[in-house]
Structures are given as structure tokens and as C-alpha cells.
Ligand code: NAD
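Just the one chain here, the form predicted on its own, laid out as C-alpha cells.
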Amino acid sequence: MEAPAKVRTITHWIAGKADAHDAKRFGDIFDPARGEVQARVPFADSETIDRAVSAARAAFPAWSATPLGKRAEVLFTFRALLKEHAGQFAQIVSSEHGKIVSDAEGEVARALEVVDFACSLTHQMKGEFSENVSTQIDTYSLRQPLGVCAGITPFNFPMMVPAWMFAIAIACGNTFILKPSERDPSASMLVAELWERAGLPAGVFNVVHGDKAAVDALLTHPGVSAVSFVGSTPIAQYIYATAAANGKRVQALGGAKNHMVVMPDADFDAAADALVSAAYGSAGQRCMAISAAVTVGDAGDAVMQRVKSRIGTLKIGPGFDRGNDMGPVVTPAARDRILDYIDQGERAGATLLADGRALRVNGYENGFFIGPTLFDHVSPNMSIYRDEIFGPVLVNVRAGSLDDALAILRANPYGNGTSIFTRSGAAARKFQSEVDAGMVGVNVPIPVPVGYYSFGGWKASLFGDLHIYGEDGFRFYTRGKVITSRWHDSNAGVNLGFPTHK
């Protein structure tokens, strides 16, 4: 693709500085509200990836040997800078993604939460010690960094999701290469500048931009030890298989079809508020968005009536206006794909209670806007239920009982997040025990764990053994070593028997 004229060009960040290596291919970064190209981003070739890996490998020995207290000092300084620039990050994210600035501020706050946890590295990196496991023999364990780690992140949280990865990886003593989404990469460049100001040595944190070619170069590069990914399930499967086949540790978080079950005894107003907020926030472009309601028994009519009423009050417009509730979707391709799904749902016979296809925003007629869309009487065989639409589309499936609702959720291939709204402790306990999902909310619509727990789904929503951030993050970005030690006062003699604890 030819580089568009009269727009700014974003660079890579390699070895502690902006890298303007000549690129042969570029990607467009849109202003989603206006429908215009606002910047271009270079797509890294294998040579650029190799330079980034070489810089990260060169920085690894010194950074991994840096005392824990010094690493913590850098992390705390970075955290302070991140907080100082939180408003700037929110503006950048809103301008390229399209989400409302206040929503972007929440994303930055959750990124800070994970950095907070990473600052506890002096505790998290502690090993264990057992004295006298046998006569005058001690055993102890160590946690040591892996080497060069790569993060491949999605467009929907260009600040928060990268922080899930790089904060923990760097705290553990690894060096890091971030390949952010080519749709909204500017926040990653500000992150790089703040790491440099915080005193992080050159080469410990690097940013490369690109598409599949750049990703494949990272997945197959012999200098990369681990890969973290968040994105769609088909790509997560590809990332996991390719990186693992090349000898790398991998965590690949895939897609979602998050359900919210509403019981007949629930507070219907609270449930409707939660559904609207969780389905249409960030124009539905969240991996933890509630995209499928399951209303049980009499809850169906009552909840759908309330949701439809609330949709009519939402204000749609550009993200920089804090008075708006919902902004545009990220690209014209995303808009067209979502509109096609709405068409499919209508053709399949679902009841269309709210139709966002005709929305036009005054002054922003070329923007990528879609209004909140609501389908009722949806069956699990419809594409609008089966597929992850990733837009402002909520579908409702009706169920006769909690057991029926659980059966619907179990049959779905995804298992990222889910929630139940009820006043019954027994129903909530049954649900949280029996549902096949990694994150569960009880009267909480978006159960994203706090930074000192871990984020991850089940089934086709996760490929790999460990979840992301929290204690699982420290486990993923380190490898264990167990040492058995004995100091002899005299020669113990030859013993060909297998060692025991006696």
C-alpha cells in the first residue's frame, strides 16, 4: 500500500530510540469519527524484526542480572510517569480507537493496576527453601527470566492489554518486544518514551509495527523465548501452534461470546442497566463485552422492554465528547462486517427490537458509526449468536430454567467471561460452580479481575496453560529451577543407590 500523503508517520522503537527504518509497506490509521486517515504506520519486515530481537537479546544479560530492588525502582518510576500522563494516553486511545475519552481513562486505570502489581516483584520472585530434606541436604527453588518475550496485542485495548504483558515480563527480568495493533499503535510509542525516562536500559522494551509478516517473523525467530497474544480464536490457535512448534512458551487468549443470565427473581432495572452498559460500551469492541443475554422464564419480556427503552436514550458521537455514551467502531472494514451480521440476523428470523444500521451522526456523516442493535428470540444456530460480532449488537436467547441456561452456555465453544443476575444465593452458587468459563460475575456484568488476580478464559477462549497477569503472569514469564545442596565435612564414599530422603 502506498503511504498516504500529508499524514504523520509513526516509527518503530528499537534499542531505546525511535527507529525510522525505511519501510516498503504501510498501514492506515483512521480517525473513526470522521472516517479519515490521520496517520500511517510502517509494517516491519524480517530485517526490522531481527534488529529488534538483537537489541532485546543484547540487553537481556544486564537487565536479568539487575538487582530486584533496582528493577522495582524503575517500575515505580514508570508507574508515576504513567499516572502523570494518564490523560494524554486516554486522548490518544480515543482518537485512534474511537471509544469515549472517559472509557479510555478507565482502560488506562486498569493498566496502572497491573503495573502496581508488577511493582511487587521483590515478593513475587521469591523462591522456596526446605532445610534437611535428607541428612545435611537442603533443597530450594529459584524463579529466573526466560529471555526475549514478545507481545502481540489487539486494537480494542491498546493501552491496557500490552501492560498486562510488558509490565510483568520486564519485572521478571526479561526483555520485551511489543507488536501492537496496526490500527491504533500510538499509545505504545508513548509507553516506550516513558520507559526510557524511567531509566529502563535501551533494548529492554522495543516496539515494532506490522501485520502477519511481522507476527510470523516473531513466532519463528530463534531469539524469541515466549509469546503472549490476545485476539480472535482462529488467530490465537495459529499463534499457539506456530510458536509452540518453534519451541516457545505461549499464552494465546482467543475470542469470546460472553453471556449474562438473568433469573426471574433478579432486579430487572439493575439487570437492564448492566446489559446496556456491558453490551454497548466501547461500541461492543471489548473481549469481555456481554454480547448474549439469556433470560430465564418471565425475565425475558421484562428485561428486553427495559433494555430497548434504555437504548433509545443513548447519545452516539465522537469519542472526544465526554457527553456521548458510545463512539464509532474502529475501521470501515469493522463497520461493514458488523452491518452484515445484522443483516444475517434479520434474515434468520430473529426479532429486531433496535436497529442501528441507519444511524447518522450530524457533522460526522463519514464516521464509522453503528447504533446500538438488539435482537430477541435468537436461537443458538443463528450466526449472530454463534459468532463473535465485536460490535454494538446484543442478542437475547430465552431459557426455561437455570439448568436450560447452563446447557446453552456449555454448548457454546467460548468460555471467556459470564455473569448471572439473581437474588438467590443458591442459584448464584450453582451457576459459578457449574458454568464453563474462566471469569464469572455475580450481579457484576463484566467480571474482569483486578490486577493481582489473573485474566483468562476456558475452552476456545484460551490456548496455553496459564492465564495473563497476576500470579500466573509471573509464572509464565519465569521458569523454575530446583537446587539440591549438600556441603560435606568429609568424603561420604561411593553409593550407587538412588538418593532418598534418609
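The numbering used is simple: start at 1 and walk along the sequence shown. The structure displayed is predicted, hence computed values, not measured ones.
Keep in mind that the form predicted together with nicotinamide-adenine-dinucleotide (NAD) is not shown, yet the notes after this line are about it.
Asker: What is the one choice in Gly254, Pro185, Gly319, Pro372 with a heavy atom within 4.5 Å of nicotinamide-adenine-dinucleotide (NAD) in the model of the complex?
Answerer: Exactly one listed residue reaches within 4.5 Å, namely Gly254.
Asker: Find the only residue in Ala241, Leu353, Ile137, Ile235 having a heavy atom within 4.5 Å of nicotinamide-adenine-dinucleotide (NAD) in the model of the complex.
Answerer: By the 4.5 Å criterion, the partner-contacting residue is Ile235.
Asker: In the model of the complex, does every one of Phe26, Ser94 and Val207 come within 4.5 Å of nicotinamide-adenine-dinucleotide (NAD), counting any heavy atom?
Answerer: No, none of the three is in contact.
Asker: I need the one stretch from 210-218, 353-361, 82-90, 305-313 whose residues put non-hydrogen atoms within 4.5 angstroms of nicotinamide-adenine-dinucleotide (NAD) in the model of the complex.
Answerer: Within 4.5 Å of the partner lies stretch 210-218.
Asker: Is Tyr477 near nicotinamide-adenine-dinucleotide (NAD)? Define near as a heavy atom within 4.5 Å, in the model of the complex.
Answerer: No, Tyr477 is distant from the partner.
Asker: Looking in the model of the complex, any heavy atom of Val230 within 4.5 Å of nicotinamide-adenine-dinucleotide (NAD)?
Answerer: Val230 belongs to the contact set for nicotinamide-adenine-dinucleotide (NAD).
Asker: Could you tell me if Asn416 has a non-hydrogen atom within 4.5 Å of nicotinamide-adenine-dinucleotide (NAD) in the model of the complex?
Answerer: Asn416: yes, in contact with nicotinamide-adenine-dinucleotide (NAD) in the model of the complex.
Asker: Is there any non-hydrogen atom of Val250 lying within 4.5 Å of nicotinamide-adenine-dinucleotide (NAD) in the model of the complex?
Answerer: Result no; Val250 lies far from nicotinamide-adenine-dinucleotide (NAD) in the model of the complex.
Asker: Give, in sequence order, every residue of 177-191 that has a heavy atom within 4.5 Å of nicotinamide-adenine-dinucleotide (NAD) in the model of the complex, or say none if there are no such residues.
Answerer: Heavy-atom contacts to nicotinamide-adenine-dinucleotide (NAD) in the model of the complex: Lys179, Pro180, Ser181, Glu182.
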